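Single chain ahead, by itself, as structure tokens, in the form predicted alone.
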């Protein structure tokens, strides 16, 4: 696998004259470009909403000691480069994290409003059971962090002001800390690499 180029793109969009009083919509994006290989059997492109910024989670994520959390926009912006090249994983039952069950890689990340969006590839040939499972139920995502800094450990809702992304998990949306996250494959895998699996319960 070759990583050819890493580049950061910063775009500012301003609304027209009819909405000049509205704040500008800002989008920050970063991606690793891979060589194009047509029909690669082990690259199934995906996209998803990893988390929201400046919004309290719906439930406490793993490692937060029962606290709901807020990832600040500034912390997410600073940590965007750490997402690239990190793995996505899944846990049997699709209800949590298993950092050793790595089933894909993140190649792009962007902040679009309050959404932190990611894209990349699933290792579809290595994990042929994933695609049908992912399409059988609403799926979400959850981030994995290291070196997180909490502004006030005594607060009921923890505010994360600094962190490093170490990966992400694909899981059932109703099991995610943020129920507004999402995950989907961008195209169907060739029939030759599909295998039937049981539905998720």
Partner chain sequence: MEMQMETNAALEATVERLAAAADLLEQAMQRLAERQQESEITIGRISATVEAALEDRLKAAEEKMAQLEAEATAHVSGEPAGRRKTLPAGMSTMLAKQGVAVDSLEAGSLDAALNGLSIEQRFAVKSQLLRSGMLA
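Numbering follows the first chain given and starts at 1. Everything quoted here is computed from the prediction, not taken from an experiment.
We do not show the form predicted together with the partner chain, though everything after this point is about it.
Chemist: For the spot marked by 142, 145 and 177, is every residue within 4.5 Å of the partner chain in the predicted complex through some heavy atom?
Modeler: Each of the three qualifies.
Chemist: With the partner chain left out of view, which of 81, 128, 96, 119 would have a heavy atom within 4.5 Å of it in the predicted complex?
Modeler: Checked against the cut-off, the match is 96.
Chemist: From the list 136, 151, 157, 37, which entry has a heavy atom within 4.5 Å of the partner chain in the predicted complex?
Modeler: Contact with the partner chain in the predicted complex is made by 151 alone.
Chemist: With a cut-off of 4.5 Å between heavy atoms, is residue 41 one of the residues that contacts the partner chain in the predicted complex?
Modeler: Contact with the partner chain, no.
Chemist: Look up in the predicted complex whether residue 61 has a non-hydrogen atom within 4.5 angstroms of the partner chain, and give yes or no.
Modeler: Although the partner chain is absent here, residue 61 would touch it in the predicted complex, with heavy atoms inside 4.5 Å.
Chemist: Is there a heavy atom of residue 162 lying 4.5 Å or less from a heavy atom of the partner chain in the predicted complex?
Modeler: Residue 162: yes, in contact with the partner chain in the predicted complex.
Chemist: Taking the partner chain in the predicted complex, which residues along 37-53 bring a heavy atom to within 4.5 Å of it?
Modeler: Residues within 4.5 Å: none.
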